[in-house]
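Given as structure tokens, the chain that follows is alone and in the form predicted alone.
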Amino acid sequence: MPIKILTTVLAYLCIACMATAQASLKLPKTIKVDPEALTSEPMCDPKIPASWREAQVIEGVQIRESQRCSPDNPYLIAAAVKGTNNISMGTLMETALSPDTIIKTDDMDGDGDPDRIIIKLEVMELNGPSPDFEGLIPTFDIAPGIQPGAWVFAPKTSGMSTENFESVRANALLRLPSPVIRVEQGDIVQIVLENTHYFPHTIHLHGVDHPFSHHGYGNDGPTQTSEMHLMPGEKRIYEFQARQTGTMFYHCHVQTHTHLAMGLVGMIIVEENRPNNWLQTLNVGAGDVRHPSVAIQEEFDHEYDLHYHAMDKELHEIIQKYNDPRLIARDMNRRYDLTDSTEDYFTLNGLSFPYTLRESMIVVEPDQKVKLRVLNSGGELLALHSHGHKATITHYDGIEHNPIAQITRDVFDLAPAQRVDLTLNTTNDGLHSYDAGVWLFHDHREKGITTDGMSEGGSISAIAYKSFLNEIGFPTGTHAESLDSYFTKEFYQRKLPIWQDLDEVGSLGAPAGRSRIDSIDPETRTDIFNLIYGLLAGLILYLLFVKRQQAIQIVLSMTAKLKGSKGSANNE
């Protein structure tokens, strides 16, 4: 009796498969996702005043015009140049910096600029859980609706970590990436790390000329060789007087395989010494340097800091699971296996496309020279490709390459932790530049242009000529598709058919009938098919077991026939 039941079940499964196949021959209608149902965002952050884009003078600091949609706070730039100890209270209040965040004193060489620099950093968490409500705080979106947990070195702040009492969004100082630190050759620099986090941390000055120890304390970062862990609530001073210029970086050296990946990494730039060289000591968010050094202005029209980073979703979700540091330490230090990791989020200056267009476009005009400082702090090779231009590699890891042997190309390979300096020449000669326009600038590893596997995303940016930008700093006057769909959460949640508007009939839109198996997300669909395959395999094995005697007889009979046929062939 059981055999008959099982046979009947198998028969019905076969009939269902045939019916599904026949039904698939009848194509369903095309449906369109209603744009009104999307959580569309403005291309520019509406909370940033348009006046911030203007060229202006604050506290005697000349701040250049910004063509970017989301420019830096000019008051913050002024504070970074003069130091928080040398500005008015009114300017300081516009920055959210602490009064002792950047202290600049002592013109020791008498050339008109300060030579003793003190910078105070904190350790902050972004997109972490809260014990008070269901949600993350403070939030920082790297793309629409994308909020990986992260840790950052942040300038010492005054006030709340959020914008205000009614918001859970992080204030502008607390963000990816950790800020760019810019000092002058020969400056005596102290970086004071105040550990405001629940884990121990340190700072390693990677590539920066620094002594091994300072006043009896470790000064290199590794807890295995240099110093003890900096525990929560403690502070430590890292001191150096750089003798060599170049593009360097700094990062936490406690459990580096996770702490660096979590975002505790930033660039350090040592500029050439010049008279009256008041530097923009912090470039929060990286990108365009709106108050470049004297040496840069002698040779270049613009300077950009480009910090590329990649994140493993599994790692960054660990801190979003618990409010207990012991559980986070267990999962991060003992259960998480870096050798099995995959990078899911790819960022440029802390953001992924389309937000990269807000802050990190390289805005140029014809016949200019632009300095690009590039850091790869991800765990894999980076292959940067510039459309329409070939830039020249002038420095590797802060060291000038032989001018005679400098290479001009359109793909630049950076290993993890590597830095290169590029000179971008916008002379339209068919080599350095092909023409004015909006030219893509991206990682040519194709996964680098995805966000959690969804394209377009990742670290895509552009070399954009000023004449091709509209009044808010976005590409216009081109024949490209609309960017509106990329500024929706639904796009990165895979709810929006990306080609539904290519033609009037929606020939590449979504089929109707959302209850069909193809409307189920791929992971669930795989689980369903695996279940069906498992049931079928189990039924077949059960039938073979119950009818094993008949099966054995069939096998023996077939074997005897094969032997008989072989014997006949041999006799012939």
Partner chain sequence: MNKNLSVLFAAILLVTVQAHAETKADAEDHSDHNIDHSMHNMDHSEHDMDHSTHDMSHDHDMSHHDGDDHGIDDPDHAGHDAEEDHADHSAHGHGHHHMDDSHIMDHEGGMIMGQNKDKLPSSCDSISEEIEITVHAGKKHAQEFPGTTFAFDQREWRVKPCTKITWHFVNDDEVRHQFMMHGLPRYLYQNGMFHLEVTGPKKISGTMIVPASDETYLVHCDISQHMEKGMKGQLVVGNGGEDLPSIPGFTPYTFPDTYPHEDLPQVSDKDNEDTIIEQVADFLDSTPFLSGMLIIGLLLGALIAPLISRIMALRKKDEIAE
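Please read these numbers as outputs of a predicted model, since none were measured by experiment. Numbering follows the first chain given and starts at 1.
The form predicted in complex with its partner chain is left out here; the points below concern that form.
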Can you confirm whether K120, M231 and N273, the three residues that make up this candidate site, all sit within 4.5 Å of its partner chain in the predicted bound form, judged by heavy atoms?
yes
Heavy atom contact within 4.5 Å of its partner chain in the predicted bound form, the stretch among 248-256, 317-325, 467-475, 389-397
317-325
May I ask you to choose, among P497, P114, G218, P144, the residue with a heavy atom within 4.5 Å of its partner chain in the predicted bound form?
P114
Select from the listed residues M93, L440, A417, A383 the one whose heavy atoms reach within 4.5 Å of its partner chain in the predicted bound form.
M93
I'd like to check something about S161: if you look in the predicted bound form, is any of its heavy atoms closer than or equal to 4.5 Å to a heavy atom of its partner chain?
yes
In the predicted bound form, is there a heavy atom of its partner chain that lies within 4.5 Å of any heavy atom of P138, even though the partner is absent here?
yes
Classify G453 as contacting or not contacting its partner chain in the predicted bound form by the rule of any non-hydrogen atom within 4.5 angstroms, answering yes or no.
no
Although the partner isn't part of this model, could you tell me whether M124 comes within 4.5 Å of its partner chain in the predicted bound form, counting any heavy atom of the residue?
yes
Just give me the residues of 86-104, first to last, that have a heavy atom within 4.5 Å of its partner chain in the predicted bound form.
N86, I87, S88, M89, G90, L92, M93, A96, S98, P99, D100, I103, K104
